[in-house]
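One chain follows as structure tokens, the form predicted on its own.
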């Protein structure tokens, strides 16, 4: 049933039919529907959900809906919901909540859990520790395979994943990994130490989330163990959490490519002054950069007055320089982000980019020379053709080199895309165009 029909049933107060139709949906779709409702309807619909699925739906809700429900429900209901959440989902929820809600939850939590929550909330936002879960299956290496399988059956309902189990010594030092498949096919009387894989890929609690995502992608992992500085197992990170990290990183890169500051809230909820604060700084910087474009035009005023037809091709040429630069920058930024290329590959890629941009420049010069000949005769055709070839070459070189320069300076290469590289290429394009015109006309 579509959203319109559900809303109609809700307005008609036909709750039995509404509940029947709502429960036909997947939990994530139920959460999306609830996110569209106002605070009163959100509470009503949530209370219609059976307890066995309410917590799962809650974990998929937006922070705004979670916050509304946290305030609206009584403490007993809230505690029931949180008790059903996996620990990492609980931490994600608490990180988004106002301080008064967090205090309310901690006040009603057992001391052991309260200490754990406080420990997790102190991890830096971008660290592996902030997204790990403590709900994993771990065994001592002396355990027999049949004993391990018995414990998995016991643990499965309350653990986030049982497909990979972790083997530790008596001091919880991580020594190996054993998959559920390995356990199923192994002899029941073998010890875990005999079948475990000791080639462990793990991360530290302080490692960056993006580094964790790269590792999980590289090795096709469903989960990765997290250890402290003494190699003691403290948690795991599952692939569903890494998908969220990748989405966050991609969003952040898009914002940087548009020279917009980091925005970590829904645009519908962002106030005008918040967006102004995020967008204005780079726009002001680009204003002062573009002053050089005006200065370049003023410097070549005599050339422009001599052949006024040159002005017709100015937007075309500087846009071509910016477009070529943006293309090259986008390719390099993505390659750096994926780890396909390193900073040391710059010169090799530069050689390739020069060949490509020369060929691009020749093709675009041939096209624009025809327009130049029709518009202003042979002299203009030659000038715009030479200028087009030059600006494409220079723009492409700037675009592909800037991400490497920023990476070398330990800055985010994504900043080199969009308005920044376009502005630099525009300035270069104006100077190149009118310099060629002045030289060719002998002015």
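Computed from a predicted model, the values in this text were never measured in an experiment. Rigid core here is just the name for the largest C-alpha set that superposes within 1.5 Å across the two forms. Residue numbers count along the first chain shown, from 1.
One more form of this protein exists, namely the form predicted in complex with another copy of the chain; it is left out here, but the text below deals with it.
A.B. asks: For the three residues 180, 250 and 328, which mark the spot I'm curious about, does each lie within 4.5 Å of another copy of the chain in the predicted complex through at least one heavy atom?
C.D. replies: Contact check passed for all of 180, 250 and 328.
A.B. asks: Partner absent here, but in the predicted complex, which of 167 to 175, 225 to 233, 273 to 281, 124 to 132 has residues with a heavy atom within 4.5 Å of another copy of the chain?
C.D. replies: The contacting stretch is 273 to 281.
A.B. asks: Residue-level contact is defined here as any heavy atom of the residue lying within 4.5 Å of another copy of the chain in the predicted complex; does residue 190 satisfy this criterion?
C.D. replies: No - in the predicted complex, heavy atoms of residue 190 and another copy of the chain never come within 4.5 Å of each other.
A.B. asks: Can you work out whether residue 77 and another copy of the chain are in contact in the predicted complex, taking contact to mean some heavy atom pair no more than 4.5 Å apart?
C.D. replies: No, residue 77 sits far enough from another copy of the chain in the predicted complex that none of its heavy atoms falls within 4.5 Å.
A.B. asks: Consider residue 332 of the chain shown here, and say whether it contacts another copy of the chain in the predicted complex, taking contact as heavy atoms within 4.5 Å.
C.D. replies: Residue 332: yes, in contact with another copy of the chain in the predicted complex.
A.B. asks: In the predicted complex, does residue 388 come within 4.5 Å of another copy of the chain, counting heavy atoms only?
C.D. replies: Yes.
A.B. asks: Select from the listed residues 207, 84, 160, 138 the one whose heavy atoms reach within 4.5 Å of another copy of the chain in the predicted complex.
C.D. replies: Contact residue from the list: 160.
A.B. asks: Taking 4.5 Å between heavy atoms as the contact cutoff, choose which of 117, 286, 143, 196 touches another copy of the chain in the predicted complex.
C.D. replies: Spelling it out, the residue with a heavy atom inside the cut-off is 286.
A.B. asks: Taking only heavy atoms into account, state which residues of 324 to 358 are within 4.5 Å of another copy of the chain in the predicted complex, ordered by sequence.
C.D. replies: The stretch touches the partner through 324, 326, 327, 328, 330, 331, 332, 333, 334, 335, 338, 340, 341, 345, 348, 349, 352, 353, 355, 356.
A.B. asks: Using the core for the fit, does the CA position of residue 49 change by 2 Å or more between this form and the one not shown?
C.D. replies: Shift of 2 Å or more: yes.
A.B. asks: Core aligned, does the CA of residue 22 move at least 2 Å between this form and the one not shown?
C.D. replies: Shift of 2 Å or more: yes.
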